[in-house]
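Read the single chain below, which is given as structure tokens and is the form predicted on its own.
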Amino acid sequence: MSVPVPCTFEVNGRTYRPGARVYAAICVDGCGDEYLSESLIRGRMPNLAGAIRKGKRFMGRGVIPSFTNPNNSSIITGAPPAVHGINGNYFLDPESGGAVMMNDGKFLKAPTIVATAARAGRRCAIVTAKEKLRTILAHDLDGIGFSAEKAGQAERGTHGIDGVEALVGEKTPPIYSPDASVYVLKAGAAMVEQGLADLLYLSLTDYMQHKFAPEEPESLDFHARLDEQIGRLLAAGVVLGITADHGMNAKHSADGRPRVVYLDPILLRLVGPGCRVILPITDPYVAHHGSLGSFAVVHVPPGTDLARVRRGLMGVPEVTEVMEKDIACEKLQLHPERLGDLVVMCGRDTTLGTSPAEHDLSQLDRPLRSHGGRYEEMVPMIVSEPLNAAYRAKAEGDPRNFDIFDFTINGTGS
């Protein structure tokens, strides 16, 4: 395998200086720190434990809304949504009046770290579990980009690689399974071992975290499988940076029923007809969460007294925060073009919906676990090599999950 070529490149206001090493950032989707703690305490992740002993484990602050698309977009650009434009999975198009899913690279307003690194001479690869993310994160990439969900359909002309199933040694996995996430890491390790990539982004799926709490046997077994592939990457000499896009919490009552505040009837009472609620968690993978998360965007008719509506929503016991658009953009670093008039968040054990008829919960075969608000904001960050003095200090400050490439590439140099 040829030695990676050191280079320097700048993207979104940061300079990256990868040396003659292989670097990989891993996003363990939905992995609150308690998942790693449970598995580490029980001895199920010995390879990760070794990486922590050698390197550094700390906590970072993710992007709110604590959903997959905005956080992965932030990690791949090293910047908040105010820069890259992806505030959630959906936004309301003011021209058409319809809800638009942001599952295409055309919605990115900023270049990615990986695409920029490829232009600087690195052999770059992106592997995602979900196809919806691949189409965003591999935007403008002159390299390898494919999803576990569609691994068997990857072609050299469109994905930079073919024969993925032969490379990994396994068929394309079901997306609703732990295998989808494990497949991502297996593919990453195989590419490194065969000299196909030396700067990678590997993004998993939170199917297991939506279904199982950290201490459940299925969760522990899943993290043990991830650890095997982490060990494989470490054995290949990869400098690893590991973080999550968001945490995960139980959102149900003691009898297992989802805890939901439906906003449509509340807004009808406060404002009358004409309001529109957008739930940015919404995506095609309804078996994960039934489109129920802890963050919502509200559009109101022109001339509405926003202060009165905000006070009314704050009167709902389960609601914890309501911000008008300008405040939300400032405090949460969101992009104003793709945001409504109000942002609403709720408590740790509760979700926000539109109306009962709009949510298909028939595919939820276990009590609801979900994310989106403040209580899923803090996530683990791990770098497998010792940090230099500047980045040890940065780790003790207010690191963001979208700093993970910075820590992994720049923080491990002298």
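Numbering starts at 1 and follows the sequence shown. Predicted model only: the values in this text are computed from it and were never measured.
Another form exists, predicted in complex with a further copy of the same chain; not displayed. Remarks below refer to it.
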G397, heavy atom within 4.5 angstroms of a further copy of the same chain in the model of the complex: yes
Report yes if any heavy atom of V322 sits within 4.5 Å of a heavy atom of a further copy of the same chain in the model of the complex; otherwise report no. yes
Using heavy atoms and a 4.5 Å limit, would one call R257 a contact residue for a further copy of the same chain in the model of the complex? no
4.5 Å heavy atom contact, R57 to a further copy of the same chain in the model of the complex: yes
Partner-facing stretch of 161 to 169, 147 to 155, 261 to 269, 310 to 318, counted where any non-hydrogen atom is within 4.5 angstroms of a further copy of the same chain in the model of the complex: 310 to 318
Between the options E215, D140, E228, D93, which residue brings a heavy atom to within 4.5 Å of a further copy of the same chain in the model of the complex? E215
Ok, H252, K132, R232, R123: which has a heavy atom sitting within 4.5 Å of a further copy of the same chain in the model of the complex? H252
Sequence-ordered list of residues in 25 to 54 near a further copy of the same chain in the model of the complex, where near means a heavy atom within 4.5 Å: D33, E34, S37, E38, L40, I41, R42, A49, I52, R53
